[in-house]
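So this first bit is one chain, no partners, the form predicted alone, shown in structure tokens.
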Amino acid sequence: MLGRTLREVSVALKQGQVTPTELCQRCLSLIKKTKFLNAYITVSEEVALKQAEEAEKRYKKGRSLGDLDGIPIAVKDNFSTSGIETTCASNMLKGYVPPYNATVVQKLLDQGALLMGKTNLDEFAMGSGSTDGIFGPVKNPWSYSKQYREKRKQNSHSENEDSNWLITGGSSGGSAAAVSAFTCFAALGSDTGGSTRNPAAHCGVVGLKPSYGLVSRHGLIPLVNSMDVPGILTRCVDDAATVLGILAGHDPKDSTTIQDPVKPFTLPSLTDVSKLCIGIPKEYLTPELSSEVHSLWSKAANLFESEGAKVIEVSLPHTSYSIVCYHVLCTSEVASNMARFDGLEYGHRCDSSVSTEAMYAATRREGFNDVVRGRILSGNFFLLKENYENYFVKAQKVRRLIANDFVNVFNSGVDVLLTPTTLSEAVPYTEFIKEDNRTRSAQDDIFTQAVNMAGLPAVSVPMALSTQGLPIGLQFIGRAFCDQQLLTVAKWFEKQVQFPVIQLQELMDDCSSVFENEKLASVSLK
């Protein structure tokens, strides 16, 4: 049951094959069994069981609230949850319990979803590995999969498994791991420069970054207001569309959301892709791109072409400036946003009582890690009066050029862009931490962050396993607010590639019932 999609479980609940309480208890026991993955910061067991009880009553009366009623979900720990600690994986907010729910959390709860817990991340969502939060790094469930372990044995690696576990990517690594390890059916992440798509690619799940303004940011603790978007992580494209249909729409509490009402939608099944034009950005073929990802990217393009779609090479000429531009804008907004954590109203406060200034300084020194402090320093430098024009204003102008690159490509008749999501498959933790956070983020955001600057929708879809037995995802980028069209193309692609199910039997040998009905689908690519 846990290996099924959200849609399938929803049907099973309606038909009485399983009750919300049974489902909730199975997920909770799996969360306990996979505790070593460190995917969750807080497990809200009592809350979830109480919600399951309520859902059960509704089902008995035949009054289910919809597709999400009784479905276990998880939420990244930078979304406010009323009565449940929200830490952003930082000492600064340790023990902070918000008095309200983020709009997206409230919408899920209004639909009867069961909140299993809050998931792990990089501190304040700054990072691309989910390795830098105070609760420690998240481990990628694929490190323990049959597929990866068998490949390691063939390549005669030492069986020292524990030191060789892989990162999940980030910063929404906890949410991606939670979905990948079957502890919930959908999870919320956030995406500022790729934080939902990157871990989705590394954990073999679907990661959707909706158009900026389609989904409310109210209650998402801000990193970069002009780029943050709540992200959705699920095991298939249809499920992501279901969740998006519930979350999308205007919110009076977030003035950047669209005014038009958005109706929940079901994705059509495309049978004919011959009317589609797929763009392949030539600037995304970078020297750092691994040969395996490159080859799968080409295969995917050939797949569209062989089915009659028009596949053309396109140019996004300002791509080379986008990482630098993103760094300036991102750190500037971070510096501004982090000013609110001063030890006065909420969160951590140091014991110093020498003066208010000393209290501010000590609080922030104790509360933030080096990564966050580094970004605050960078941002404040760019915002200094003498630097403002040369850095911040100039970066805003470059951002407009980057956004226009996309507009020009879409105006030329391209429907969807196809790109890699990440440079390579997931790497071992020991390998990942050889580089500092800033260097890593700059490398890892290369294919994802321009989309945030342009406000476009993008989705990472798992395509195939690498020769090491690890997932590789590809990214589809759509026109602004054409999220439905984007997901329809992604759904077609997902059906063609038949990505294999993660096999975690050894990890949960006594939990075998989870994987009944699950066969390893073969990856067939024409």
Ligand code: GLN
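Numbering starts at 1 and runs along the sequence shown. Note that this is a predicted model, so its numbers are computed, not measured.
The same protein also has a form predicted in complex with the ligand, omitted here; what follows describes it.
**Q** 245 to 253, 405 to 413, 323 to 331, 282 to 290: which one contacts the ligand in the model of the complex at 4.5 Å, heavy atom to heavy atom?
**A** It is the stretch 323 to 331.
**Q** Check Ala125, Ser128 and Thr192: does every one of them have a heavy atom within 4.5 Å of the ligand in the model of the complex?
**A** Checked in the model of the complex: all three residues contact the ligand.
**Q** Please pick, from Ser216, Ser441, Ser90, Thr421, the one residue with any non-hydrogen atom lying within 4.5 angstroms of the ligand in the model of the complex.
**A** After the contact test, the surviving option is Ser441.
**Q** Just give me the single entry in Leu456, Val237, Leu223, Ile167 that has a non-hydrogen atom within 4.5 angstroms of the ligand in the model of the complex.
**A** None of the other options qualify; the answer is Leu223.
**Q** So in the model of the complex, does Asp445 come within 4.5 Å of the ligand, heavy atom to heavy atom?
**A** Close contact exists here: in the model of the complex, Asp445 approaches the ligand to within 4.5 Å, heavy atoms only.
**Q** Verify the contact flag for Lys139: yes if a non-hydrogen atom of it lies within 4.5 Å of a non-hydrogen atom of the ligand in the model of the complex, no if not.
**A** Lys139: no contact with the ligand in the model of the complex.
**Q** In the model of the complex, does Ser171 come within 4.5 Å of the ligand, counting heavy atoms only?
**A** Yes, Ser171 lies within 4.5 Å of the ligand in the model of the complex.
**Q** Give a yes/no on whether Arg375 approaches the ligand to within 4.5 Å in the model of the complex, heavy atoms considered.
**A** Although the ligand is absent here, Arg375 would touch it in the model of the complex, with heavy atoms inside 4.5 Å.
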